[in-house]
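Only one chain is given next, in structure tokens, and it is the form predicted alone.
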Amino acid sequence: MKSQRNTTTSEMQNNCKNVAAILKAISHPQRLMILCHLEKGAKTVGELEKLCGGSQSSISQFLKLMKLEAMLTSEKRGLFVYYRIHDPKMKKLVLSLYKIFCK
């Protein structure tokens, strides 16, 4: 049987601070909607605009902020920029939230 290392109080406090920062960063309904759609795959601003019902400027602004916070990454393909979730842990978190609240 594989033994698990116990998390120290200091490590747990640090982890809690990190998780709290992530939860704060995604606590806006429009950000959550964007992340739910990006969990399914990379999308352009135009695609997210249609899916989320927001304006192009508001979607672009949210994407820019989430990219600065290292939540998203982008890739230019031809004339379009595709955004996707950067961190696999964030993708798992969004999928878990989706399963709990949207199914």
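For every residue, the number given is its place in the sequence shown, counted from 1. This structure is a prediction, so every number in the text was calculated from the model and none was measured.
Below, we turn to the form predicted together with the DNA, even though it does not appear here.
Enquirer: Is it true that Arg31, Ser55 and Lys64, all three, sit within 4.5 Å of the DNA in the predicted complex, judged by heavy atoms?
Expert: Yes, the whole candidate spot contacts the DNA.
Enquirer: Indicate whether the DNA has at least one heavy atom within 4.5 Å of a heavy atom of Leu51 in the predicted complex.
Expert: The answer is no: Leu51 has no heavy atom within 4.5 Å of the DNA.
Enquirer: Taking heavy atoms only, is Val81 within 4.5 angstroms of the DNA in the predicted complex?
Expert: The answer is yes: Val81 has a heavy atom within 4.5 Å of the DNA.
Enquirer: Flag Val45 as yes or no: does it have a non-hydrogen atom within 4.5 angstroms of any non-hydrogen atom of the DNA in the predicted complex?
Expert: Contact check for Val45: yes, within 4.5 Å of the DNA in the predicted complex.
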